[in-house]
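To begin, one chain is listed below as C-alpha cells, in the form predicted on its own.
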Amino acid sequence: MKLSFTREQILTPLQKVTGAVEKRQTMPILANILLEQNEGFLQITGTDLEIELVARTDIAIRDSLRVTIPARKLFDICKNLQDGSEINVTVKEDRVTLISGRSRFVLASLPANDFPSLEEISADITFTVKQNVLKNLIERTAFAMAQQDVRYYLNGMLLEIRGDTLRAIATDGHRLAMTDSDSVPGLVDGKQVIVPRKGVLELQRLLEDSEEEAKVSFGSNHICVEFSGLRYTSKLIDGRFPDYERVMPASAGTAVTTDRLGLRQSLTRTSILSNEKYRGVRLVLSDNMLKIQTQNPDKEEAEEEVEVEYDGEEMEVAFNVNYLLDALNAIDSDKVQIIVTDANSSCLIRDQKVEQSKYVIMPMRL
C-alpha cells in the first residue's frame, strides 16, 4: 500500500488528534494513531480510551488502508520536515516507511485490529452551537475544576441545559465558577452531563474562536462534538454533581465595585509576601477604601490600598489570593463587582455589566 501527501496536508489534523495520545500508556497500541480510508479520504484516529479524536483530512486515497503508526514519532517527523515537503508512505507488513526528499524513516506498526474504539454514542440530545460560544463557556469556568479529588464528580465540568441556555459549572469545593451562554436554539431543558477534566481541557484546546457551528450530542455515557473536520468524543463522569445553587451567596450582601485590572495588579503584588502554602490575603473594607494585607511565617508583610465603591460597615475577610486572581482573569470588562456579607460567608464575584458569569469563593481563617 502506497500513499502520498504534503507536509501541510497531514500536519494540522495530526496535531489535533495526537492530543488524545498520552505519553505513558498502559497498552502499547494506545501510543499509536489509526490511519484508514473513509469515503475516499484519509481519516486519522487517536484515543486514550477516555477521549477519542477523529480527523478527516483532504488527502484522497482510492485503495483500502488501515494501519497504525506511533503518533508522536510521526508528528515529530512531519513537523521537522521543510515546508511544502512531499511525503511518500509505504506500508508493508508491520513496517511503515516514510520518504521525503533525502530523508527516510521506517516506523514499527501494530495490528490495526487491536486498535480500540469508543462505543457508538446513542444521542439523547443533539444541538448546534457556535464554536466561540462553547469555547468561551469553557475558558470562563474550567479553572475551578478539581484535580484528583476523591469526590470524582468534581474532577470535571457540569454542562447543563436550562431552557434555551447552555450552562457550564465547575467547583473544587473551595470555589465555584458558573457561566451561561446566550440563547441557543434547539435545546431541551433539564439535561446534565459531567465531562472529565482532561476532556474539558482537550476540547478547549481544539475549539476555534470562530462563528462556525459545532454539533454537540449528549448521550448517557458520552459527549460528542463535531466541528472543523474533527469529531471529538469523551466519556462522561457517572456521578451526581452537587446542588451548586445552594452555595450561591444571597444577593443581600454589600457590593464592592472597583477597577478590575487595578485590583488584579494590587493582589498580584501583595501576594508576593503571602504564605506560600495557604496563599491567604486579608481584605479590610471601609468607606470607599479596600486594604489588601498579606503576611508570611517570616513575619514579612505587604499592604496596598485600592479605591473602591463601598458604603457598608467596616469589614475584614480573608480569601485564597489565587482564587481571587483566577476569577478576575476570567472576566473581560473594566469593572468588577464583589458581593460580601460578612467574614464567615462566601463572596460572589461578577462582571458589573454582564450577568452571564458568576464566581463564588469561600473565606479563609488567617
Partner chain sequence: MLRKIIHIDMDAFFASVEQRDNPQLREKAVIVGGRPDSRGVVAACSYEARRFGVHSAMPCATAYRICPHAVFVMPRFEVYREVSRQIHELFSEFSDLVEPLSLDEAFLDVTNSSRWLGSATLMAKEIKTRIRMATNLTASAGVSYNKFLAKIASDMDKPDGLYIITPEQGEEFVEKLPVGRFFGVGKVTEAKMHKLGLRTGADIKGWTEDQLVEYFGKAGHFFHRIVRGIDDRPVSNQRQRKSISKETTFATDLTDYDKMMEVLLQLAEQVSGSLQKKQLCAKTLTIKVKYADFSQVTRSLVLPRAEQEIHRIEQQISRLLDRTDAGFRPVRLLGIGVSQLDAQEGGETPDPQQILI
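Residue numbers count along the first chain shown, from 1. Because the structure is a prediction, the values reported are computed rather than measured.
Same protein, other form: the form predicted in complex with its partner chain, not shown, and the subject of what follows.
- The closest heavy atom approach of residue 247 to its partner chain in the predicted complex falls within 4.5 Å.
- Its partner chain in the predicted complex comes within 4.5 Å of no heavy atom belonging to residue 233.
- Remark: residue 200 does not count among the residues lining its partner chain in the predicted complex, judged by a heavy atom distance of 4.5 Å or less.
- Using a 4.5 angstroms threshold between heavy atoms, residue 25 stays clear of its partner chain in the predicted complex.
- Distance criterion of 4.5 Å from any heavy atom to its partner chain in the predicted complex singles out 275 from the list 275, 165, 100, 254.
- This chain appears without its partner; in the predicted complex, the one residue of 173, 185, 190, 239 with a heavy atom within 4.5 Å of its partner chain is 173.
- The stretch in contact with its partner chain in the predicted complex, judged by heavy atoms within 4.5 Å, is 320 to 328, chosen from 27 to 35, 320 to 328, 57 to 65, 302 to 310.
- Along 344 to 366, these residues reach a heavy atom to within 4.5 Å of its partner chain in the predicted complex: 344, 362, 363, 364, 365, 366.
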